[in-house]
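Let's start with one chain on its own, the form predicted alone, as structure tokens.
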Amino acid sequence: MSTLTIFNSVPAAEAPANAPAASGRSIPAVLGADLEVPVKGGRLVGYANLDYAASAPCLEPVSAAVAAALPAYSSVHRGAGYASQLTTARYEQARHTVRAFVGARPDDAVIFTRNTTDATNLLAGCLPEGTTTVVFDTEHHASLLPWPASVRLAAPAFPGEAVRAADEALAAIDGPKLLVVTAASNVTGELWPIAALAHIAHRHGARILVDAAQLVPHRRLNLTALGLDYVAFSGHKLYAPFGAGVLVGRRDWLAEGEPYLKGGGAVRSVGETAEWHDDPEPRHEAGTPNVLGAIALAAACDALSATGWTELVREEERLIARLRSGLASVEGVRELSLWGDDHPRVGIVSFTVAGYSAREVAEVLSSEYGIGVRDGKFCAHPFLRHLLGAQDADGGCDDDTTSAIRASIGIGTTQEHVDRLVEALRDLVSR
């Protein structure tokens, strides 16, 4: 099976942003689509939000779901009152919705967290003693840093090399082992061969954790079909910016690991010692959980599933192709890529502009054109240094010498936004 064509990609086609989906449902709208921002000279212009990879705007159905839950909002799990019972039911239904959204196995745990970083740190605390983690230098810091013992692999020159390097690294490790990899790069948007990597991991008796934060807003994910052990992602990147993320996966490590937080809800009883839940969901969700965040996350999953991925992917691929073509036409603009221009990717493009720092470009785009992009190192310092050919640089977050600009798109992005960015860059380099 091809590991790069399992995400329901379809050919690009001309279609308006809110064209009817194949299922008969329109692509849902986002809040803030009519936001106006001030630019140089005091004018107000419609905001061109091209910073979805950092945090996506809220979907209208998500906002509606939260508003509907608020009147009966109450504590969960231990209240006898009607509002508490209703809120508990909504919270637990959210867990089932997320499980279905990622195609998880029926017995997989679904643990609500704050975000992807929180989820990876939770799993890191549950690894069996002596576990070695294998992780690529191309990862986001959330996947690169939490592990007590890790083997770091250099950026692979092509997907097959990623599989080979993981194969060799895992073969050399004794004891428990975990392979950690992104599904879609937060720097380049490029898709990783996660099915092949899962196969390699299992062949060596290892497990695999996939950072799906940048994939699930753009493509369907099926944990079971791909053979993944764990996936983690964030609501704020999935059009549900209410402070919830999730870790989904096999129960045994999670049931045996130290409770992530020690407190109410994680225990069965407390005397001289504490008896902790062996069910990983309550075990790692001590205290009052972010109920509204979970409801919002589930509402986003429902909205995207109901719309259907074919239309969402078609529109994204049309816009990202237009953006990349436009950037290639601007002198001095260099797109960053690990595996080449033709490699499949989601709606993320990072680039540099000759003669300008990334921060200078981002500030001009905002102040003069009403365009929001991201600049910096994208919490992926080793990877960005590799892409920029500056592997020996040690600059931190505030160092502009190894930084780039990232434009990212999603639901609510229009052709005018893309064209405005390209023309703004053309204006900038001609000064």
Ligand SMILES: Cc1ncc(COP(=O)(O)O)c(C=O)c1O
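Source: prediction; values computed, not measured. A residue's number is simply how far along the shown sequence it sits, counting from 1.
In what follows, reference is made to the form predicted in complex with the ligand, a form of this protein that is not presented.
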request  = Just one of 285 to 293, 156 to 164, 321 to 329, 136 to 144 has residues with a heavy atom within 4.5 Å of the ligand in the model of the complex, so point it out.
outcome  = 136 to 144
task = Determine whether any heavy atom of S350 comes within 4.5 Å of a heavy atom of the ligand in the model of the complex, and answer yes or no.
result = no
message = Can you work out whether K177 and the ligand are in contact in the model of the complex, taking contact to mean some heavy atom pair no more than 4.5 Å apart?
response = no
ask   = K237: heavy atom within 4.5 Å of the ligand in the model of the complex?
value = yes
task = Using the partner position in the model of the complex, report whether I194 sits within 4.5 Å of the ligand, counting heavy atoms only.
result = no
ask   = Looking at the ligand in the model of the complex, do all three of A53, N186 and D211 come within 4.5 Å of it through at least one heavy atom?
value = yes
note = Residue within 4.5 Å of the ligand in the model of the complex by heavy atom, from S150, T87, T117, T307, is T117
